[in-house]
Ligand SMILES: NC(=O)c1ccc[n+]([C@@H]2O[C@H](COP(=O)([O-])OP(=O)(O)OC[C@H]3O[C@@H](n4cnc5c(N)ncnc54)[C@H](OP(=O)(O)O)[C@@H]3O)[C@@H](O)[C@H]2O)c1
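Next comes just one chain, in structure tokens: the form predicted alone.
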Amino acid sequence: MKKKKTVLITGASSGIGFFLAKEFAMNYYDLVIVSKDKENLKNAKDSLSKLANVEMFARDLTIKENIDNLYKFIKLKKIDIDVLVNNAGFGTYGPFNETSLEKELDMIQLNISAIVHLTKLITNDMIIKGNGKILNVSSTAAFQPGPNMAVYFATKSFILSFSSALTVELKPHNIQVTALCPGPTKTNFILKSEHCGETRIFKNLLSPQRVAKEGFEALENNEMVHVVGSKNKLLSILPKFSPIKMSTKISNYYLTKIDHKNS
């Protein structure tokens, strides 16, 4: 029997991360699932254990030391990571001068620094082994600036640029890197944010199941960038053909709370 491969997925306790874990499990992968939400992560493990062998690591990756601890954990367990999925991340909504600095610095740590840190550690092992795959969850937010979500959009732009560069760098080492770019998706961040529901961009949400399925297939097909949804694919191309001032104005229209009195 062929030896099962192992995937490490961050932010796997719910949403896109959980359904990515399920996709990999249904396709003959063992799992290492990571999240700071210990209770939900345990529930996810219980569910996924019906499909695969599952190890869980409940730590907050906004704390730098926990990334090193995660790497030590997989080494102690003698787990060989064949696929890395950098999914953990979050966003904030509101005018930049009103949003929490602490939350946005944590966002930069999780959405950017943690991805770079963990990818560096796992990539070095993949290079020694001579193969591997990396799936980084970006967003259609990566293709233009986003007023009222300025820091979040910027972090997703970083992920897309970082992933695209690594695709070229790591190809000689037989390592595939894919950036997954879904549009607005039905996740806890969206569902719990009352203000997001008052904007045009968050009226029609993708299901996390669809995003996960397309993400898995994109990685299997060695795609460099995969945008989920035909409408989103069109919207991701438009900024290339319009001045940044125009694309930012368009983003602002969709990200500004609807004034029902004047609409």
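Numbers for residues come from their place in the sequence shown, where the first is 1. In this text, all values refer to a predicted model and were calculated from it rather than measured experimentally.
One more form of this protein should be noted, the form predicted in complex with the ligand, which is absent from this view; the next part is about it.
Colleague: Among the candidate stretches 88-96, 69-77, 127-135, 164-172, which one is within 4.5 Å of the ligand in the predicted complex when only heavy atoms are counted?
Modeller: Stretch with heavy atoms near the partner: 88-96.
Colleague: Just to confirm, with a 4.5 Å cut-off on non-hydrogen atoms, which of K42, K213, R59, K233 contacts the ligand in the predicted complex?
Modeller: It is R59 that has a heavy atom within 4.5 Å of the partner.
Colleague: Is the gap between G146 and the ligand in the predicted complex 4.5 Å or less for some heavy atom pair?
Modeller: Contact check for G146: no, nothing within 4.5 Å of the ligand in the predicted complex.
Colleague: Check whether I16 has any heavy atom within 4.5 Å of a heavy atom of the ligand in the predicted complex, and answer yes or no.
Modeller: Close contact exists here: in the predicted complex, I16 approaches the ligand to within 4.5 Å, heavy atoms only.
Colleague: So in the predicted complex, does any heavy atom of N188 sit within 4.5 Å of the ligand?
Modeller: So N188 counts as contacting the ligand.
Colleague: Considering non-hydrogen atoms and a 4.5 Å limit, does the ligand approach I122 in the predicted complex?
Modeller: No, I122 stays farther than 4.5 Å from the ligand in the predicted complex.
Colleague: Using heavy atoms and a 4.5 Å cut-off, decide whether G11, S139 and Y152 all contact the ligand in the predicted complex.
Modeller: Result yes, every residue of the spot touches the ligand.
Colleague: For the heavy atom contacts within 4.5 Å of the ligand in the predicted complex, list the residues of 101-116 involved, in sequence order.
Modeller: Just L110.
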